[in-house]
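Okay, so here's just one chain, in structure tokens, the form predicted alone.
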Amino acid sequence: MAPEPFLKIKIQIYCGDEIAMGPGKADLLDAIMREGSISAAGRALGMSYRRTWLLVDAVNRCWDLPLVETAAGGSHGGGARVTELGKSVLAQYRAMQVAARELEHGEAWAALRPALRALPKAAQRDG
């Protein structure tokens, strides 16, 4: 049995060639808020230490102010926190994701879906 056609919308906000915010970066900000550290957030998401820090660096370079602030380790421990701007950006991004998901129930998708094949043809000339 062929799968049903589906609509997938992935929102990515660009700053030049960099992705300033996307699904993975939003999930990382959520994890930093939950875990209190960039390293722990990366582990919780199954990301490498390096990948996690690269993502944080990218978001911090793309916005007027940092979205994540870090505190050095030491006797009092380190950690990270999502800034007020970071929380605001995350909330607005999540709202955009909700709005995009609502498109699945909209008129445009309802009009397109009947003409969409469940699976692509092997070749254009196939009937």
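Note that the structure is predicted; figures quoted are calculated from it, not measured. Start at 1 and count along the sequence shown; that's the residue number. Rigid core (definition): largest C-alpha set, two forms, superposition within 1.5 Å.
As for the form predicted in complex with a further copy of the same chain, it is not shown, yet the points below apply to it.
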item: Heavy atom of each of N60, D64 and L85 within 4.5 Å of a further copy of the same chain in the model of the complex; value: yes
item: 4.5 Å heavy atom contact, A71 to a further copy of the same chain in the model of the complex; value: no
item: a further copy of the same chain contact in the model of the complex: A26, any heavy atom under 4.5 Å; value: no
item: a further copy of the same chain contact in the model of the complex: A41, any heavy atom under 4.5 Å; value: no
item: Partner contact for M47 in the model of the complex: a further copy of the same chain, 4.5 angstroms, heavy atom; value: no
item: C-alpha of A108 moved at least 2 Å between the shown form and the other one on rigid core; value: yes
item: Did A118 shift 2 Å or more between the shown form and the other one, C-alpha, core superposed; value: yes
